[in-house]
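Quick heads-up: it's one chain on its own, the form predicted on its own, in structure tokens.
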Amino acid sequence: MHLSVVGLGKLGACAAACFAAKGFDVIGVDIDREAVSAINKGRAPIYEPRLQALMEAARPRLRASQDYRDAIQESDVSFLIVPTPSMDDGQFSSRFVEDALGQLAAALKESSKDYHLLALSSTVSPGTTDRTLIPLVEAVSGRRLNTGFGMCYNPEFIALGTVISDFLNPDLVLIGESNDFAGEQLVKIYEGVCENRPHVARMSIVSAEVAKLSINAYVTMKISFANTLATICEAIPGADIDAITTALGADRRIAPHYLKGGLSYGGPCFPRDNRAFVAFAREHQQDAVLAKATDAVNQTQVAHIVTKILGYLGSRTDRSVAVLGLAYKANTPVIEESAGVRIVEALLKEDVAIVAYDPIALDSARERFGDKIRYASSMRECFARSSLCVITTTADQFRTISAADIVHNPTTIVDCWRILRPALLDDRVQYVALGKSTVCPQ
């Protein structure tokens, strides 16, 4: 099978490269001329670990175009990975998906081929495909579902910073299929792509739409529970959040994944998927109480850490704080819904001077904050500019912090993910680990 990937953004470019690197002939389609040009020159259009190396390996089998007709003419299966922005009510807008499908359907109408499979990977509100997207393709193409075209809902469970490894080694391949033939085509593709043996879940399209939102809503619930537990541990002398969550995670009914107390979840998926789950339930006259509570806890977690930081800042004449980590997680430049960014915003309202550093996300932060904060070129510069430092991501670079990086005596380090080794620090440092009891000045 020849494949096409419509949408060459943060996820689409990676998917196209993975498919091509695994031996499929792939054409990527996007209206962004720069992204198309970059791929045709063998360059990654966005930053993602391992992507450039994969692009080089995939180059003989990967090209890109701005013409949607090429996706129909030169492939058997089209994967749609285009944005579905959140609306005010929490539901997802499908306008970009509809635009792309309209273009593909128009090309399909002109095509002499008998059949083409459309696989939607973008997250949509449950019911969207059956209610809106399939009728759209039928109306524009003049074809009937499962006769002239097939439709699958095939969302990916991948995170920025680990997109390549997540795509090639998924825990789950979720396929909502319009019929057995459509689903079987996707199964054959993933058999050639996955480096592991993931669970393949095949079901109706609407069931897959519900499953996608449900998985992320459940994961965020685990995160918020662990964060609540971490806050409680801080009030109990001798309590250790990591020891507790390790024990909890050993129980197979719970599992250890995403059960690590720390900062609030962020990024382009978890917050909006959880809110969309609430909106979806409300649309069907149901109250997603747990999902709403999860979001509420997530909102309060930043306020909790800001209160802690202000407590350590106290009445110091130097009202400055160094923030290490502005991305929503390590190994990505994305700052969307980032806890680090929200901490900076809250501290600025308290007239705190901020100096910040991130190995990858400084350019994104500059677009957000401009000259409201100072930007350091290294960790050591952060320690030189402030005696109170907050670590908000698990970047490998931050894990190496030791006494050699410390400038001020005393220095306070608030480690939100407990990634440092206190033994490598010296008596100049007051080390504060989120989720463990520490005496904090009032």
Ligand SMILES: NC(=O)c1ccc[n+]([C@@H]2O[C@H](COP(=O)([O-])OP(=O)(O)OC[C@H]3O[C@@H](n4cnc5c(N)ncnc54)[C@H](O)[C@@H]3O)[C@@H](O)[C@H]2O)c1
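Because the structure is predicted, anything quoted here is derived from the model rather than measured. One rule holds for the numbers: they count along the sequence shown, beginning at 1.
Keep in mind that the form predicted together with this ligand is missing from the display, and what follows is about it.
- Here the chain stands by itself, but in the predicted complex one stretch of 348-356, 98-106, 299-307, 188-196, 98-106, has heavy atoms within 4.5 Å of this ligand.
- Screening Asp295, Glu209, Glu234, Glu156 for any heavy atom within 4.5 Å of this ligand in the predicted complex leaves a single hit, Glu156.
- Proximity to this ligand in the predicted complex, taken as a non-hydrogen atom within 4.5 angstroms, holds for one residue of Cys416, Val26, Val29, Ile39, which is Val29.
- Proximity of Val429 to this ligand in the predicted complex: non-hydrogen atoms within 4.5 Å are absent; the residue sits far from the partner.
- When contacts are judged by a 4.5 Å heavy atom cut-off, Leu11 counts as touching this ligand in the predicted complex.
- Contact annotation: Gly7 falls within 4.5 Å of this ligand in the predicted complex, judged by heavy atom distances.
- This ligand in the predicted complex comes within 4.5 Å of no heavy atom belonging to Ser125.
- Along 65-100, a non-hydrogen atom within 4.5 Å of this ligand in the predicted complex is carried by Tyr68, Ile81, Val82, Pro83, Thr84, Phe96, Asp99, Ala100, in order along the sequence.
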